[in-house]
Structures are given as structure tokens and as C-alpha cells.
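Considered here are two forms of the same protein chain, supplied as C-alpha cells in two stand-alone entries, structure 1 and structure 2.
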Structure 1
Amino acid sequence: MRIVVIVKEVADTEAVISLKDGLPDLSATAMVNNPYDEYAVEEALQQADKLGDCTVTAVMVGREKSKENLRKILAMGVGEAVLIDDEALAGADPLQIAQVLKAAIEPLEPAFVLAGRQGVDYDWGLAPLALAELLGWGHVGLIAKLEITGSAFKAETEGDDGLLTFEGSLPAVFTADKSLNEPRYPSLKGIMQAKKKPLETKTLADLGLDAAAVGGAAAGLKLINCNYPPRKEAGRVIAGETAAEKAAALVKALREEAKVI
């Protein structure tokens, strides 16, 4: 039995992103594994422990440099990894990424696929959904709990109105929310062992895909411009002798200046 977990790299959440010609310049930015994906990895490892005799395979679309972060996933306890590395994928949109993932994942015949609910870079959260659609598999997003029994699953999500429970059959795709678990830290011993685990690199050609179709040049969704959020103006302290005076001044300001009441 196999569980596939999809991982991607994002800019270090602590990093200050510089812009070049209106687009993010990540050339000197440290990259990390997408934090949401780590919940997916943790879930895959826990499910594999429960199910027994189960291989967890991590799949990442990235570059040669990404191997370092992919090996961190191996250090957490994942058994093997596949890196899809092709220059043509620069600028590929989520639907194209989903096509690439389908080509890589389908032959692995996983019982199910886990991914983070969204990348914290653009917050699109589209590729896993599109993957489920392309594969013709069921999909539950933002899961908070997952139970696998034979070829059936029961998944819970936290909706606005309460807990929602979904049942369905495998194979399926799930995306992980933060409430799903507490991701483990890769141990130093895990890091030392990770370099001995299989990590396979594949190009679009290896996957039988046409760069002209799934490459960034043919993307249907293109990022054309980025701006820094506007700088926050300094706050204003409402003056007044008593609380009542201050309240009156606040209401006046909200009504006449901010025009929100």
C-alpha cells in the first residue's frame, strides 16, 4: 500500500521578499517546505503507522536545489521521494501543475493522496483539487480528521456552522488543515538517515508530457504584477478629559471622518 504526499517549496515565511520588475525575486531568498504540507506529511506518516505495510512517497515539483528541502521531508520519516524538475515548468499555473502531478502520481497507484490546504506563497490552494478532478477521484479539502477503513474513508472538516463529516471510497485526495495534527520535527538522526533514502528526479519528458502544453509558457493563469501592501498609517489617540468625552470624540470621528457609523 502506498500514500502519496504532495509537497512544495515556498519562500521562508520570515524572509523579506524583494520585487524585481514587479515580480517576486526569490533568487537570494531561503526556501522552506510549505508549512501546510507538513501537516499532510505528518498525517501520511501517522496513517502509514496505523495501516501497516505502507510506503509513504513524497512528490515535489521543484528544481535541483529543492532536493535539500525534499530530504527534510525524508528526514521526518517519509520513505522515498520523487522530484519533478524541468525548466519548462517555471511559471506553470496550478492546473498545469496538477497535470504534471497526475502523470507522476497515477503510476504509483496510491491508496490516497495528501497535500497541504494551500501554499503560503500565493494561497491559491488549487493544484490538489485540480489533481483530484483530473484523476476522477473524490476530494475532501481542509480536513481536520481522517479515518481509513479498508477502501473507505471518513473525513471531518471544520465548517463555519460546525463539524462536517464526509464518507467516501478510496482512492481520494485530501488537503490538510492545521487542526489535523501536530507535525513532528525532523530529528538529527532522521536527517543523517535521509541521505540514504531513494530520491528520484523526473523531467516532463520522463513523465511523457509535452512542455509546450504544461510548461509555464502556455500557462492560462499568469502573475503579472506584485506590490507591497500599503504602509500602515500611524494610529491616532483620541484626546479628552473623561471617558465620556473620549467616547463622544470617538463616535464623532467614526461618523464624520471615517464615515463608518
Structure 2
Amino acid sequence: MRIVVIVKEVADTEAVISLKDGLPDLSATAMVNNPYDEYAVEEALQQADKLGDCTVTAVMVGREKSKENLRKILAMGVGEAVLIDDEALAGADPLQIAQVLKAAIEPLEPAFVLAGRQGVDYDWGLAPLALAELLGWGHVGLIAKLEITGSAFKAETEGDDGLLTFEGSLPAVFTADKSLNEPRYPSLKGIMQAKKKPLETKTLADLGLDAAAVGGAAAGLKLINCNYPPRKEAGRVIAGETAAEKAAALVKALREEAKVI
């Protein structure tokens, strides 16, 4: 049995993103594995341990330098990885990325696919859903628990009024929520082993895809402009000799200046 986990590379959540010509400039920004995807990786590894005789394969769309972060996923215990590296994919939208993932994942014939609930960069969370649609597989999002029995699954998600339980048959696509597990830290042994694990690089041509169709130049969804949020004005101390005077001054300011009452 094979389990595929999708991993995305994003800007470090603690980094200060600079803008260039109204768009994010990540040229000098540290890149990390999407934190939500680490929950998917952990679940893939735990499911592989339970099911036995499983291969866990990580798939990432990135560039040559993304191999460093992909090796960190291998260090967690994933057995092999595939990097899809093509310059034409710069600016590709989630629906195009889903087509690329389908071309890379379908030949692997996985029993199921795991991904994080969303990326922490653009926060769309669309690619795994679109992948399931393109593959014609079932999909359960934001899972908090997953049980695999033979070719069947039972997944739980946290709804507004309690747990929702879904049952279905494999293959399927699942997106992981933070309540699913606690991702492990790579061990020193895992880090050393990761250097020798298979990491294959593929281009769009290798996948039989037309760059003119799935490349960024043909994206249907584009980021046009970004702005920093406006700076907040400094706070103001309400003057007054007594609590009553301060309360009266505050009410006056809220009514006449802020105009909220």
C-alpha cells in the first residue's frame, strides 16, 4: 500500500514580508514547510505503522532549493519524495497545481492522499479539494481522526455542534486539522537517513503536461496588489481629576470624535 502526502513550501510565519511593486517579495525570505502539512505527514506515518507494509511518498511543487525542506520531511520518516520543479509554474493558481499533482500522484496508485487543511501563505486550501475532484475520489476535510480498515475509511471532523463522522471507500483525499495529532521532530538518525532516501525531480514535460495550460501565464486567479495594513494611531489617556470626570470625558470623546455612540 502507498500513502501520498502533499507538502507545500511557504514563507516562514515569523518573517517580515517585504513588498516590491505591490507584490510579496520572497527573494530574501526564509522558506519552511507549511505547518499544516506537518500534521498530514505525521498522520501518514502513523497510518503506515498501523497498516504495515506501507510506503509513504511526499510530493511537493517547488524549485531546486526546495529539496532542503523536502529532506526535512524525509527526516521525519517519509520513505521517498517527488519534487515537481518547473519554472513555468511560477504564479500558477490552485486549480492548475491540482492538475499537476494529479499527473504526479495518479501513476503512484496510492490508497489515499493526505494534505494540510490550507497553506499559511495565500490561505486558499483549494488544491487538495480540486485534486479529489480531478481524480474522482471522495474527500473529507479538516479531519480530527482517521481510521482505515481494508478499503474502507471512517473520518471525523469537528463541526459547530459536535463531531461529524464520514464513512466511505478508498481511494480518497483527506486534509488534516491541527487536532489530528502532534507532529514529531526529526531524530538525528532520521536526518542522516534522509540524505540517502530517494528524491526524484520531475518537470511538466516529464508529467506529460503542457506548460501553456498549467503554467502561471494561464492562471485564472492572480494576485494583483498587496498593501500593508494601516498603522494604528497612538492611544490617548483621558484626563480628569476624578473617575466621574474621566468617564464624562470618555463619553464625550466617543460621541463627538469617534462618533460611535
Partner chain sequence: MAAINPSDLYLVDELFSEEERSVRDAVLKWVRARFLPLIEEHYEAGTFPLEVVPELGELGVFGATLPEEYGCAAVSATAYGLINQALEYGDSGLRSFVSVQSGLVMYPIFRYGSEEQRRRWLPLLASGERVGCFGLTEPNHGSNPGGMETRARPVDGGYLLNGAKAWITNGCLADVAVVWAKVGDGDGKSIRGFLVEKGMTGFATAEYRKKLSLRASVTSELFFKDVFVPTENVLPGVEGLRGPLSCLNQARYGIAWGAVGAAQFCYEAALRYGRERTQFDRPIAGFQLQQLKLSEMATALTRMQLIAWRLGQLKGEDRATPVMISLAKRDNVFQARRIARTAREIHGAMGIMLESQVMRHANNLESVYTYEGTHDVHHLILGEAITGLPAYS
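One-based numbering along structure 1's sequence throughout. Remember, it's a predicted structure, so these values are computed and weren't measured experimentally. Only the largest set of C-alpha atoms that superpose within 1.5 Å between the two forms is called the rigid core.
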| query | finding |
| --- | --- |
| Answer for which single form is the form predicted alone | 2 |
| Estimated from C-alpha overlays, the smaller rigid part's rotation between structures 1 and 2 in whole degrees | 11 |
| Once the two forms are fitted on their core, CA shift of residue 256 between structures 1 and 2 in Å | 7.0 |
| Core-aligned CA shift between structures 1 and 2 for residue 244 (Å) | 8.0 |
